[in-house]
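Given as structure tokens, the chain that follows is alone and in the form predicted on its own.
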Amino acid sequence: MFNKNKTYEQHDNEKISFYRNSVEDLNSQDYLLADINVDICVIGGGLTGISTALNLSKKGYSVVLCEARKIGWGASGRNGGQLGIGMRKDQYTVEKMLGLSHAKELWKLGLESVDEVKTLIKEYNINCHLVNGIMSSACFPKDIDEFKFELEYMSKNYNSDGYKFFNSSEIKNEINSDTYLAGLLDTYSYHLNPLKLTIGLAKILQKYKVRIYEDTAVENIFEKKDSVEIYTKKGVIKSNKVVVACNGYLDNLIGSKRNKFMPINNYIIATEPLGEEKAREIIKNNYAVCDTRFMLDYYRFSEDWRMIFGGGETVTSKFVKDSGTLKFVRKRMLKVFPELEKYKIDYSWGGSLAITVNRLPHFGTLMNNKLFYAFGYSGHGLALSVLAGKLIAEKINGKEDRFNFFADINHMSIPFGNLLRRSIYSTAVLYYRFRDFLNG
């Protein structure tokens, strides 16, 4: 039996985010009014849960999805919108961690994750403003050699032609800032409006007769002999299988597995619209950008030419309120782009993500293969979370090889669980902040 602690509703004090203002909520008309029986119950209305439900419903399973708040309320509707390939760690590092064969399988899955999202967008005509290109921007001299090494290594060992190096003058021409020393463009990757993608996919679920129960928090999960019982305040769902897809909002829903990751809070602001001409003076080819600091900045322009700028983490479990988010993220933005000082900030918001010790996603099963989970995308989950749903569906349908490429990764637990994991992480954050300060 698993029970979920009462979630601290950490976003309730926020004003509406840019993403929420850019698209209508799903506003599902499905309501859990009595106990029900289904093949699969999915917990979590983000991209992992929605993708799982979509793939399973296509295979003929009866599926319901429970979301404690609204579809896309968590990280799937709050992130920076960067649809990146691969894992959170570079491929060379993944090889050292897992071996060449395993790393190459993960590389193929990383490529597939972006292709999967692109296929869904095209197949279902989801208007989420897909734009090509993510630029990694070098903050430190050592990054220049690392960029050159990665480009050569990936070309030689993976036949990859998707990277392009930019020297100091070239990166200045692409990104109008004095901050960066070089750049590495990834043309396999994209950026988009993540909430439009999430709600667009949820609407497809409705066409496949998946019942979506918003505002329906799951409180307990009980294993029975041949089934699982999922308890909510609105009724009990008896299912053959259950999928837990909550990522940084997992709390205690699957017990000690929460000690495999640290939930951290990250923040984003959005300016007023700058207009396309001004935006392209700042980022010439409208790439998304992330820098090389440990406490990184990431940013891009929205579909209506707002600067969406993210960065900064808090070391406590409490969320910074709107005014605080605006102040400290805006300070980071102006350090990169001083000319944006004259533009008003229209939106500020935050969200929680799940960081694993090795920065790789954690997949697995519990309750004698009746409960399936995936979490720990470590800030790199926009594409991987969609792929995760596909792999979970494959596992449930009897094809487990690809799911196991993630499930077989060994994940360290954070020492002493809830007792010390926050203080350990806080110490690490302060250390890396200091290191970034010294280096740059």
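The shown structure was predicted, so the numbers you read here are calculated from the model rather than taken from an experiment. Counting begins at 1, following the sequence as shown.
Another form exists, predicted in complex with a small molecule; not displayed. Remarks below refer to it.
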Residue contact check: residue 217 to the small molecule in the predicted complex, 4.5 Å heavy atom: yes
Mark residue 298 yes when one of its heavy atoms lies within 4.5 Å of a heavy atom of the small molecule in the predicted complex, and no otherwise. yes
Since only the chain is shown here, I'm wondering whether residue 389 would be in contact with the small molecule in the predicted complex (any heavy atom pair within 4.5 Å). no
Partner proximity in the predicted complex: residue 266 to the small molecule, non-hydrogen atom cutoff 4.5 Å: yes
Though the small molecule is not shown, can you say which of 54, 396, 40, 382 has a heavy atom within 4.5 Å of it in the predicted complex? 382
Check each of 348, 193, 247, 113 and return the one that places a heavy atom within 4.5 angstroms of the small molecule in the predicted complex. 247
Counting only heavy atoms and a 4.5 Å cutoff, which of 326-334, 358-366, 95-103, 239-247 contacts the small molecule in the predicted complex? 239-247
